[in-house]
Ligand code: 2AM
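Here we start with a single chain on its own, the form predicted on its own, put down as structure tokens.
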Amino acid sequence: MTITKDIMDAAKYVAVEAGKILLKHFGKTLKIEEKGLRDIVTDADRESEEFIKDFLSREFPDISFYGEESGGKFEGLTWLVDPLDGTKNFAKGLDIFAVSIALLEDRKPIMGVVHIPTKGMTFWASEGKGAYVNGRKLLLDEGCSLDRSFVATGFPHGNPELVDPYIVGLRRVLKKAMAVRRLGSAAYDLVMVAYGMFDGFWEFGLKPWDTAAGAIISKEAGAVITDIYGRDWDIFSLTVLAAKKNLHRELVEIFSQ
């Protein structure tokens, strides 16, 4: 499918408007419910997703919708939405969270928009057309070695069986990296790779809605996207690694040992 300006503009618009919904709730008393192992949902998540779903379904009735909170189905063209990536941060008043909207074609991301409400930053990309933030094109250099790199990660807190293998790789990276950070939002981390703030990012056990939009944005900016062993990545992969070219090669070597 060819991504038209109308489709991209609509996705950017609805992401920014959903961000306004989140900011309306941020720092206020929230209705919080448990929805899985160490996983929560708030009324802000649900209001944001309902707004996005209503808008996109009305504007593009022929495109399927799948949201983290309401579910849906993956078939043909599908909007894949995380209405609030970083819910725990949001619920505790930590201002690191994002709205993530991807367009899939046969389960492959072909377009992505990630909006960071607290920073007023909107990232977008479509396949083969480059990545942008607030109208500025993003283009990464090839990067440097791990000992000169600033990298991000995420803990597999919702997947206890992945903790031990994750720690093995983390230990190796910690011994070599200039710095490692854990912020709590994969969509945020991935677009910050595209932005050049982070030189690389890896995580275990993420869901498709966590990564789809951020992955195509970081890829279009020039990052290499694979699983941690350098194999082809898709939205259902158990792990994800996004990094500048030279760092990516070194991280794959570390994780493959």
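Note that the coordinates shown come from a computational prediction; the quantities given were computed from them, not determined experimentally. Don't overthink the numbering: it's just position in the shown sequence, from 1.
Note that the form predicted in complex with this ligand isn't included here; everything after this is about it.
Of the stretches 206-214, 46-54, 59-67, 219-227, only 206-214 has residues with a heavy atom within 4.5 Å of this ligand in the model of the complex. Between the options 157, 176, 119, 181, the residue in contact with this ligand in the model of the complex by a heavy atom within 4.5 angstroms is 157. This chain lacks the partner; the member of 172, 107, 88, 129 within 4.5 angstroms of this ligand in the model of the complex by a non-hydrogen atom is 88.
Although the partner is absent here, residue 186 sits close enough that one of its heavy atoms falls within 4.5 Å of this ligand in the model of the complex. Remark: residue 38 counts among the residues lining this ligand in the model of the complex, judged by a heavy atom distance of 4.5 Å or less. Contact annotation: residue 84 falls within 4.5 Å of this ligand in the model of the complex, judged by heavy atom distances.
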